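There is one chain below, alone, in C-alpha cells, taken in the form predicted on its own.
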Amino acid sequence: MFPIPTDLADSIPGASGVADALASMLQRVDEVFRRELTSDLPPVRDLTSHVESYRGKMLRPTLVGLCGLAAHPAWERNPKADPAAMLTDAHAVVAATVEMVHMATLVHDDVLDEADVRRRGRTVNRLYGNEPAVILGDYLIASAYHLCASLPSPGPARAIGRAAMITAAGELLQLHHRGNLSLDEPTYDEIIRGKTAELIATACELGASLSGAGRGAGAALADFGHAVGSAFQIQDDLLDLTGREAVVGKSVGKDLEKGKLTLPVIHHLRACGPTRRGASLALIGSFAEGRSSTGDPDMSRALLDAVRETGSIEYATARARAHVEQAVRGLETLPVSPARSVLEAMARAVVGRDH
C-alpha cells in the first residue's frame, strides 16, 4: 500500500518497526477516507468508489507519517525508540486530507488532458464525462476541508488550504504557457514547485508538526518535500515522454499533445542547432495542433530520438537527482533514526522509477 519495499525494510536496521507503524497509520487513513466519502446517493457513491482506484502510490500520506516519525523528539532521547505509538489519529486525518486534495487534482488534470487511463484503469472523465469529473473533483476538495476542520487546531486546515491555492496557481501558470515553445527553465521550475512540490512539502511539514517537532525540523522537512516533489515531477515528465502506457499505468504523451513543454524538451530546444530546432518545433507543433498524434510511433520516435541526441534525457535525470541530493542533505538536521534512513531511501527511489 505504501512505497517501502520489503527489501528496503530488511536492509535498514529498525526499518521494519517504521514500516509497521506506517502500515497501521495507513489503515486508519483508509478507514477515514471511506467514512468521509460515504454517500447515500448512488451516483455519488459510484463516482467516489471508482476514484478510490486513483489511490496508487499513497506517497503524500506516507510522507505525513514518515516525516512524523523522523522528526519525533523521542529519537533524541532514545535512538532505539519504538515508532508504534508515535503516529496519532491527527496524522491519519491530515494524511487522508492531503490525499483527497491530490486526488481532486488528478481528476481535474485528466479532464484538462483528455486522458483515458489512470492507474491502469479508465479515468472518471472517460467513463462518466467531463461534467461529473469536474464536480467530483470539487466534491473531493470540499470533503478534504470538511475532514481537516474536525481537528482541534485550525493550523493544518489553513496550511492545506494554502497548499491547494498554490497548487492551483501552478496549474494556472502552466495553462497560461500552453503552446509557449520558448518556455524557459526558471518558469518550468516555478510551475512544478507550485503544482506538485507544494502539497508534498505541506504533507512533510504537517507530519513533523503533529509529532511535536520544533519549527527547525518542520522547515527542514518542508524543504525536503519541495526538493523531492520537484524531482518527482521531473521524473513524471520524463515518463510522459519516454514511457509506455502499459508500464506507466496512465495515458502518456499528453504533455506534447496539450502544448506543454517539460524539462527534457526545453533543454533540447535550447541545446540543438537551428536546423534541428526547426524540425523539432515542427513536430511539437503538429502534436499540439492535432495534425499528428503521440500515438503515431514514427512521429514520436523522431522527436524522442532528437531529444536523446542532445543529451536532454540525461540532463533532466541529472536535475532530478540533484533535487534528491538536496533533499537528503536537508535531513542531516534530524536526529539519526530508522525513520530518517527510510525517508532518505524513499527520496533516492524517486528517480529511476518507471511508473
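Computed from a predicted structure; not experimentally measured. Quick note: we count residues from 1 along the sequence shown, nothing fancier.
Separately, the form predicted together with a further copy of the same chain exists; it is not shown, and the next lines address it.
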Heavy atoms within 4.5 Å of a further copy of the same chain in the predicted complex: which stretch among 131-139, 231-239, 200-208, 217-225? 131-139
Ok, 154, 79, 186, 278: which has a heavy atom sitting within 4.5 Å of a further copy of the same chain in the predicted complex? 154
Of 120, 146, 270, 126, which residue is found within 4.5 angstroms of a further copy of the same chain in the predicted complex when only non-hydrogen atoms are counted? 146
Using a 4.5 angstroms cut-off on non-hydrogen atoms, would residue 44 count as touching a further copy of the same chain in the predicted complex? yes
In the predicted complex, residue 176 touching a further copy of the same chain (heavy atom, 4.5 Å): yes
Taking heavy atoms and a 4.5 Å cut-off, does residue 108 contact a further copy of the same chain in the predicted complex? yes
I'd like to know whether residue 36 contacts a further copy of the same chain in the predicted complex, with contact meaning heavy atoms within 4.5 angstroms. yes
Decide if the three candidate residues 112, 162 and 168 all line a further copy of the same chain in the predicted complex, where lining means a heavy atom within 4.5 Å. yes
